[in-house]
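This document starts with two versions of one protein chain, written out as structure tokens and named structure 1 and structure 2.
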Structure 1
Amino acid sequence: MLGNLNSQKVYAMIDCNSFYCSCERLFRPEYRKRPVIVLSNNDGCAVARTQEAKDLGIAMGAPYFKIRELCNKHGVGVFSSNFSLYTNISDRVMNILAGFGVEIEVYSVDEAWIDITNVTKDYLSYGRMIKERVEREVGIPVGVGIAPTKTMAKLANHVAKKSVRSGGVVDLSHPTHWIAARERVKIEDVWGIGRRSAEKLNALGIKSAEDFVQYQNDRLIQKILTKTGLQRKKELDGIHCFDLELITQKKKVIRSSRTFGSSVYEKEAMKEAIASHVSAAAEKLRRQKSVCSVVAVFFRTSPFKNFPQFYAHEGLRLSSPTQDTRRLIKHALELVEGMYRGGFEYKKAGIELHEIVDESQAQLSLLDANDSPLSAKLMGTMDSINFWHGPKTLQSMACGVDNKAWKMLREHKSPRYTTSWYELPKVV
């Protein structure tokens, strides 16, 4: 099946441990051995937990108001989401991995695969060196899984995090170690197998990754999990199916939405919220060097309250593709004017940018002043200022001023230690 093992690919999957919580611990050493959780937008529920928090019985997605007393009792470190900090720390980790001079696929903010096929034959020592360097230079603990396929490297990483004896690094580059590792991993913990798919596989008697590999009816597996799921099964048996994705795929739809920290009752507050979402989305659009032809706006009341309900969603096709924040805000606010209905308690709003293409493929309007070369320079200058001085340092007046009624609730937010001059720790 594998042929000559020396000719096979070998991947290392690097995954940061409890990444959001580890970022918070970097600057709060008193929490190094204490339980820590990070909350979702508006401090709604736990979206990241350290092992100590898990041991207390804090479940993923647990509403904070239900676990607040438990957190206070056990001295749990509670933090609001601080994505500016997390993104910056992620960049530092990925830059170190890229510095090894290998091909890298950044899979998410805290995960990456690297190709170590021709780097060394002592894969275990190399994995330990990666782990030591990331932890020494950034301070974020990581697990490293090594194997001949991406799916198996992900499985090896899972084992590395669960096994105390492994020291956080597991090498499955040789078939003699595969079966033992696959037997330890539940089917729901295999990369790409969601809860519902796991339930269907459980009904077939497939409880572990090893059961999955040994199951003989590939046609049924493909029917349940599609072709991609069948390929994951083959990868767990050492058959290479997925190459590294070295080029980041550009988004086809860009969304920005959020539940309000406090309810919105006025149209002007809604306009400010929509303008802010447009600004965030337009910045992402320019970052990937794209333009869009459709902007859509939506807002709604809370479906969980026994109040009159209202939901609005409408899109507008632009006369020409654009990436200009001002032009997108102008059309989004036109939609708000036509859609807004007074007398409701609004709880969430957002925008979507559709029909996105590369800026090089679109002919910008020569008649619209907002799409002139001067406009592009203005947008670039604004993005640069916000990059160096922090998000929203410079923005459209349509976004309003501070202390907005709709501002996100973040009562436990840590400072932006690495991205804001104004929030650096002060030594006196």
Structure 2
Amino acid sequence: MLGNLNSQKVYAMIDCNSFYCSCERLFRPEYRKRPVIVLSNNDGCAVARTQEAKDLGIAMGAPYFKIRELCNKHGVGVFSSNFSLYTNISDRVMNILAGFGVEIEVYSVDEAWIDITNVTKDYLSYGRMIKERVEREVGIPVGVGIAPTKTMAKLANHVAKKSVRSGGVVDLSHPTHWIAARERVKIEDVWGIGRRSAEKLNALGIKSAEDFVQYQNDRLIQKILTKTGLQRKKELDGIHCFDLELITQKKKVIRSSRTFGSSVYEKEAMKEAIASHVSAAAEKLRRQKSVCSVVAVFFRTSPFKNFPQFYAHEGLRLSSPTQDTRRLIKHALELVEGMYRGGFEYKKAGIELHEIVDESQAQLSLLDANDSPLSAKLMGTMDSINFWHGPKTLQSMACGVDNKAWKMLREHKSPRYTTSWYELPKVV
């Protein structure tokens, strides 16, 4: 059903350009015109690239050891990821967007939709104003896509990024420009159509977003792409299927995992790593005021290596829900005890918390001790110490005291310019 015209919405999708790289550039003006990349944890691979870096042929996810030469040769600015900086800059951008007085869905660290249906009649000018203000007040360049559905606003945003002529703002609020825009966008660049689905659609002769919309057999589309895939197709033709999600949903699964800085060969080191991951995940769990009933542990060797491989992943149900780091560590370490096999070179480990529910609606167990009031107090104190004095100021002994062996490598990390008094930028 199309719904009547009065209920027609207009959304703007705002997306920061090469977000992590743009954050690094803020404090390093000498890189404004030069290629910049940001590396994943452990300086493993490139996870963000500026246009100049893309033009050099640096692919998303390219392992750093394979592109190091190229980077040196072309004077590419190379940075380890600095998430406290990016989150902080992201907050500033989102605050400005929220300040326009409309509904907002923060979709990721660098993207948001806002509902601009009733704030203006001239959507294009409004989009330009949004772009101009974010760039002036935070210094991060953004693209703006405007359209009656979320999926089409994403598409408009994509066109805005590619088209120099658009000046970074594309308005598809009116159907006149839909066909031309959809013809420019490859099917694999449509939001929600990944590589696998694109291959299947290509086989049906669907190459562009426009081909997709024109394809008549919706039953087949649903079969290939599932229900949500068909909804995306409709949204590309202006039919509203997805509302803005205004309330941040609590996580249903919390995961903490990491590749080791250097390989782990000992069970004790593995236990320290696992305990550290539990600590991080449990802190997240408490921050969203939840408890969990299942903890799972996994670890693995490197799939890129020739040597004997081992992968283990096991979960354990607790007798009652908890948010107590100590209890979670205890059970996670029991799992490690049972799962660990010596004689392998371990490269990665992590934990997951499942069956997460609100702490207020946790089932009371009469047989087993729930987290006691004392536990809540202890955890609360620990969280606040770590908040004010920095992560890991206070932690369980199980996490180890000197775990250099598996700690991650971050050789190119920029200072925490905005979140640490000790690392403020200096004006000289």
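Numbers follow structure 1, counted from its first residue as 1. Since we're looking at a predicted model, the values are computed, not measured. Superpose the two forms; the largest set of C-alphas matching within 1.5 Å is the rigid core.
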Matching structure (the form predicted together with the DNA), either 1 or 2:
2
When the two forms are laid on each other by their rigid core, does Phe83 show a Cα shift of 2 Å or more between the two structures?
no
Taking the rigid core as reference, does the Cα of Tyr340 move 2 Å or more between the two structures?
yes
Against the rigid core, is the Cα displacement of Arg327 between the two structures at least 2 Å?
yes
Having superposed the rigid core, state how many Å the Cα of Leu378 shifts between the two structures.
4.8
For Ala275, what C-alpha shift in Å is seen between the two structures once the core is overlaid?
3.0
